[in-house]
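Okay, so here's just one chain, in structure tokens, the form predicted alone.
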Amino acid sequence: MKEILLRAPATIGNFGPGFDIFSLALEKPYDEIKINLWERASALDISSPEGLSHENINIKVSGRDEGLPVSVKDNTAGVAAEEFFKRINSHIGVDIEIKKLMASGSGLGSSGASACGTVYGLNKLFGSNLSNDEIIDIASKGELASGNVAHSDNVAGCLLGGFVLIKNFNPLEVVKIEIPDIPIVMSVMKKKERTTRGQIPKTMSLDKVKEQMSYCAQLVYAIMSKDLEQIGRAINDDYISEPVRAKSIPKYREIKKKILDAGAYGVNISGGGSSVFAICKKENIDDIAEIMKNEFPANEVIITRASNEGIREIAQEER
């Protein structure tokens, strides 16, 4: 097999209180990734700088590319591909085409989808038999190109689908929990900064630490209990990410209250921002979508749901 075509879903990283440890896969939007290997060649010696060449990796971005870089060192797919080739001690030429069907820089896990889809596809093409944890670990290195940190939450959710939590960082261990039907309304907003991670405080009071831990425990319990209302309540509060990301969203607290008053169970900011998402019952979807359209008139509003399906291969006719 020399070619593979994949669909990589959007994710909500952090998913409420779970900074860098929780993520949720979405049914839509998603990106499509096509990977082609060049003619087979002997493995290169990548122990020396001469063995690792950016020229062996070609990246093309189409669709909603929004000016994304295509140089290997600046693209999450390129960095992830290089890490993959280092792990398997080979550097056969490869073409990576990423069709962007989700907005980048909006907290939807777009960069993670590119990195994870690339590693998943290369693993299949090379028959490398990497474990899920190994794929996630390699793909997380691609995130260095977008936010200077190799975080694993988005790539884990993208690969596995469902609700994902990072059980251990060293060595990396990831757990997937099957999720119930979770309707989600999202206002997609591109953040002004490349990343706001550096603005997150390094310390927090012990009282807030205890509350944050209780929110995380409540969310895991609610998902395992398949209790939609409790899931919403558990993602509604966060002391780590939300206060920082909310600063770039005009009237965020006021709008959040309006959405909750309209029947949403929970509202928060997706990933690194600045998209806002709400969890609600099906009968409240239209009212909440209307509020988002009115309050964020410049933004795209998406009605979607959580998905237990992660990255999957698709046929050419599905494109």
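Residue positions are given as counts along the sequence shown, with the first one as 1. Just so we're clear, the structure is a prediction, and the values are computed from it rather than from any experiment.
A second form of this protein, the form predicted together with a small molecule, is not displayed here; the remarks below concern that form.
Trainee: Would residue 154 show up as a contact with the small molecule in the predicted bound form if we use heavy atoms at 4.5 Å?
Mentor: It does: once the small molecule is placed as it appears in the predicted bound form, residue 154 has a heavy atom within 4.5 Å of it.
Trainee: Does the small molecule come within 4.5 Å of any heavy atom of residue 296 in the predicted bound form?
Mentor: Because no heavy atom of residue 296 falls inside 4.5 Å of the small molecule in the predicted bound form, the answer is no.
Trainee: Check whether residue 20 has any heavy atom within 4.5 Å of a heavy atom of the small molecule in the predicted bound form, and answer yes or no.
Mentor: Yes.
Trainee: Is residue 226 one of the residues lying within 4.5 Å of the small molecule in the predicted bound form, judged by heavy atom distances?
Mentor: Heavy-atom contact with the small molecule at 4.5 Å: absent for residue 226.
Trainee: Given that the small molecule is left out here, which of 190, 197, 124, 247 has a heavy atom within 4.5 Å of it in the predicted bound form?
Mentor: Selected residue: 197.
Trainee: From the candidate stretches 28-36, 58-66, 268-276, 285-293, select the single one in contact with the small molecule in the predicted bound form, where contact means a heavy atom within 4.5 Å.
Mentor: So the stretch in question is 268-276.
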